[in-house]
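Single chain ahead, by itself, as structure tokens, in the form predicted alone.
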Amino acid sequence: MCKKFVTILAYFLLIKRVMKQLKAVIFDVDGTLAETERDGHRVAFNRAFSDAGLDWDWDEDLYGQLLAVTGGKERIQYFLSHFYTDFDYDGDIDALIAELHAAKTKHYVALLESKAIGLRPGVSRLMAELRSSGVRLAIATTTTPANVIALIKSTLGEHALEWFDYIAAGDVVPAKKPASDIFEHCLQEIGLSADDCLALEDSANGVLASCGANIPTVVTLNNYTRDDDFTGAISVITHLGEANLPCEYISGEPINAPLITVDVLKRLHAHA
């Protein structure tokens, strides 16, 4: 009787796996679509600080520590409470942070418009393959909508904004990553369940957020996140890969391919 039950259970699990279909891929932005943190956001923050007459300088090492916190305004607050505790300001500190962040966004958009930042390997290729195969695209990020739009326009062209069913960005939800709110909001807007989707992330906070929403997740790590804990991710790789630049497998479900293609994502999704 027990053996029969196990056989039936295995049969139903097999049927469930066969029926499972990948309907949408939800992309993170910073660090996933492009190396925006070190050469974009960090530089823009420093320019905003300089404009305001502040002597703050976020070098690469310090910025790596500040990335423990998601969200630009939250990152400035974290800096003040953990690294610059003797900062003395008579006015409204929240208003100052908001002004600095707004100035930083303008500098960041200007950097993108100057084509200073490109997409990571394989991003454009994979998006084109997903669209051709009928898999929908969406974005879930803590960065502002202005930053997302500027990146897409500068790298893929303004027409590419139409490729995404929905762009969940910035303060559209109160709790930012590692909270799962942004992914849950995105799922609601595109009208799909977590099982229908796969997330592409680059950081531990991102994985906590996507897995918190029960979305199977693949990680493309970068220099800032290579030591992060990616528990819960299906597979961890260096990047999505190009014909002349194969990706490298790091951990999790093996990819057994030099490039992350639609077929590879479908296979990883089926194993999740």
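Since the model is a prediction, treat every value here as computed from it, not as a measurement. Position 1 is the first residue in the sequence shown; the rest follow in order.
Same protein, other form: the form predicted together with xylulose-1,5-bisphosphate (XBP), not shown, and the subject of what follows.
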Closest heavy atom of G118 to xylulose-1,5-bisphosphate (XBP) in the predicted bound form, within 4.5 Å or not?
no
Just to confirm, G122 within 4.5 Å of xylulose-1,5-bisphosphate (XBP) in the predicted bound form by heavy atoms?
no
Are any of the heavy atoms in Y63 no more than 4.5 Å from a heavy atom of xylulose-1,5-bisphosphate (XBP) in the predicted bound form?
yes
4.5 Å heavy atom contact, V29 to xylulose-1,5-bisphosphate (XBP) in the predicted bound form:
yes
Using a 4.5 Å heavy atom cut-off, indicate which stretch of 230-238, 243-251, 37-45, 211-219 touches xylulose-1,5-bisphosphate (XBP) in the predicted bound form.
37-45
If you apply a 4.5 angstroms heavy atom cut-off, which residues in 141-159 are near xylulose-1,5-bisphosphate (XBP) in the predicted bound form?
T141, T142, T143, T144, N147
